[in-house]
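Okay, so here's just one chain, in structure tokens, the form predicted alone.
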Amino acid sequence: MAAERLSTGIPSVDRLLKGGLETDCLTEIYGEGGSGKTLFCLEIAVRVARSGRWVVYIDTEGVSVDRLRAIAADDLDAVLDHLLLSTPKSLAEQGRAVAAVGALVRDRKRPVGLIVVDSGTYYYRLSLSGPDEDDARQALSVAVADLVSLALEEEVPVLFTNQVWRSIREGTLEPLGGSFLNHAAKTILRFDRLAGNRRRVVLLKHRSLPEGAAEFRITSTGLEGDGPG
């Protein structure tokens, strides 16, 4: 049976994904700073909140309130009424936040339509090459496994943004988290910066779709893609 889709609200991206994000898996998004990852998450979060469903947003880097206000426009109050924001200050707190999200979703008293972890590897990155790297890798693995199970069991889409590192040998930007995160994410999207306000989304992995790409524009009120809405 085909998985349900959650529209991103960006026509070009929805065409690439044949309707939007699959609702029973974790979607990983990675790209350099300024490539539009957080704006993409906010765009979808506002869309879900407007529908009356709850959005749980685990934010490790500081969401722009001004950007959220610009995207939500006149619906800001309604959106905020359905947005649960968590701001962990360490990888351990991030893990506890993920566990709390699991309890909330499984309780089913509030219809949760989206879980966002942005950025899921911020605190993990801070531990790299340090004495706590192995513990941090284990903590990240546990949190990701919890999110994957939650998405699969409760059919709640999970957006997980990832940071990048530059491979000196290949000269490319690569996502953090290694093979475990690559395996756990059933959809992987790379965001590229283009000229001006244009950005590219590259579909690198999907359970049923071929690789491909789409473009969108960053505007003062959110993200816009080519084609009918």
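Residue positions are given as counts along the sequence shown, with the first one as 1. Bear in mind the structure is a predicted one, so any value in this text is a computation, not a measurement.
Omitted from view is the form predicted in complex with adenosine-5'-triphosphate, to which the following refers.
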Query raised in the report: Can we say R47, D74 and D77 each have a non-hydrogen atom within 4.5 Å of adenosine-5'-triphosphate in the model of the complex?
Result: no
Report task. Go through R193, H183, R69, R53 and name the one with a heavy atom inside 4.5 Å of adenosine-5'-triphosphate in the model of the complex. Result -> R193
Report summary line: Heavy atom within 4.5 Å of adenosine-5'-triphosphate in the model of the complex, from candidates L176, L39, V63, L203, belongs to L39
Query - Exercise: A214 in contact with adenosine-5'-triphosphate in the model of the complex, heavy atom 4.5 Å - result: no
Query raised in the report: So in the model of the complex, does any heavy atom of S220 sit within 4.5 Å of adenosine-5'-triphosphate?
Result: yes
Query raised in the report: Quick one: does S35 come within 4.5 Å of adenosine-5'-triphosphate in the model of the complex, counting heavy atoms only?
Result: yes
